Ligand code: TRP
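To begin, one chain is listed below as structure tokens, in the form predicted on its own.
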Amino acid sequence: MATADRAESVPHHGTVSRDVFTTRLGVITATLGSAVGLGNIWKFPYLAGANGGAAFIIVYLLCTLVVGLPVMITEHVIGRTARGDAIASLKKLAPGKSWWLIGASGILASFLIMAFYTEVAAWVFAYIVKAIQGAVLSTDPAVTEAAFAELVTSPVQSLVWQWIVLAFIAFIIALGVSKGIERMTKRLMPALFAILIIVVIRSVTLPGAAQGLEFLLKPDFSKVTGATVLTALGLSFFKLSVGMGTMITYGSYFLDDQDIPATATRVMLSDVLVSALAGLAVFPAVFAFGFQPESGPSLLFITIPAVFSSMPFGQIFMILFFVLTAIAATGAMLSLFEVPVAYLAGTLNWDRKKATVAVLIGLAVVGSTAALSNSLLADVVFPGIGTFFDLWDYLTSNILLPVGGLFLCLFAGWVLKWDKLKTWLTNNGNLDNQGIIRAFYLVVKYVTPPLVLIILLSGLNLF
């Protein structure tokens, strides 16, 4: 059985030559930027409302404590201790063993997620322009539906907007960890919260907003079933960007004295706060104007434009809404893009700009299959799955991420020794958090693995 005996305890600044985050705020905003994504805007609020409102949020938080949070802490400590990319870190902590395949799985997952995620982000960026132009300013959902269909079925628009998004993210990544990712997320996250609060105030003060508040916030424990718990389990895992190499990679840029458990907990709670605020920004307005709450693209690109078009100064709030949605997508894409770049730059000793360009080209090629899934490649269908867009989503969400998360838990709980984990997570004994570390170790060893296995089996329709 592999151990981390040959790994260093906690690295010191003087020995780290690679680019790292420079401030604790930078660590939190970058990590939060990775966790926050498009799902915060439409998926989490809708699932919360449809599954018992505040009751679902309570269940979700409990699931996060035993699933998402332990995996995030595991990835952070692996990355910071080894100071390498997703593959190199695991090779260092388990030399000569096959645990590095977890990192390889994460790198592949992050790349394939970007292949389809950038297309959804492309629609969001396109809608900022459409909102400014007034092209989707209509209270008729049929009109906004036609506008969305025109965008996604146009091969030229789909590709061009995806390339714009890729070029934007690649430019930030090429600047480096501290000057690119950290500097950008330190500006984006406060802006996201500020815009969210503005839109929330407008939404909750609309006449008739009470029904939307009740949909999201009123606890209805009668709706909490086994299926609800399973939904919360899956969401608690996928919402925190774990299992895809991002948190190992970002962990490798952490400060030496960063309190990893506290940082991960703050990120988790802030992520829930963003989701709750997004729900408050959306659903009171949806109900106030008599629209039906829906999940997915139909809510984001069809219902939302019609809702904001129905209110005074609606165009301004529509622009703000799609800007904040683009901010949420940007933070997530930066972390996903960084994973393969870190591998090429670290393991293959490529220049960072060269690695960025290589990943950019690869994503432009593979991502084009997702971008054209509603047009030129619409007839290419994989049995039981769907288009190329659906294929990349299925392979990552249903297989790669839960498999990666499962083996990360096994690695932390059964391969890494307790004394090593205690040393790393207490920062060589400088933090008085041994009780928390002990609880984490027991959960990641005995509780999280079977729960992640349930998520995996559920995704494969075997449970």
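Heads up, when I say rigid core I mean the largest set of C-alphas that superpose within 1.5 Å between the two forms. Residue numbers run from 1 along the displayed sequence. Bear in mind the structure is a predicted one, so any value in this text is a computation, not a measurement.
In what follows, reference is made to the form predicted in complex with ligand TRP, a form of this protein that is not presented.
Q: Looking at heavy atoms inside 4.5 Å, which stretch does ligand TRP contact in the model of the complex, given the options 329-337, 204-212, 303-311, 277-285?
A: Stretch 329-337 is the one.
Q: Within 4.5 Å, heavy atoms only, which of Lys130, Lys239, Arg352, Lys91 is in contact with ligand TRP in the model of the complex?
A: The residue in contact is Lys239.
Q: Identify, from the list Gly413, Gly26, Gly39, Gly53, the residue with a heavy atom within 4.5 Å of ligand TRP in the model of the complex.
A: None of the other options qualify; the answer is Gly39.
Q: Should Thr249 be classed as touching ligand TRP in the model of the complex when contacts are defined as heavy atoms within 4.5 Å?
A: No, Thr249 sits far enough from ligand TRP in the model of the complex that none of its heavy atoms falls within 4.5 Å.
Q: Indicate whether ligand TRP has at least one heavy atom within 4.5 Å of a heavy atom of Ala48 in the model of the complex.
A: No, Ala48 is distant from the partner.
Q: Mark Phe317 yes when one of its heavy atoms lies within 4.5 Å of a heavy atom of ligand TRP in the model of the complex, and no otherwise.
A: Contact with ligand TRP, no.
Q: Check Thr64 for me: does it contact ligand TRP in the model of the complex (non-hydrogen atoms, 4.5 angstroms)?
A: No, Thr64 is distant from the partner.
Q: Using a 4.5 Å heavy atom cutoff, which residues in 385-415 contact ligand TRP in the model of the complex? It's fine if the answer is none.
A: Heavy-atom contacts to ligand TRP in the model of the complex: only Leu401.
Q: Using the rigid core as the reference frame, would you say Pro45 shifts its C-alpha by 2 Å or more between the shown form and the other one?
A: True for Pro45: a C-alpha shift of 2 Å or more.
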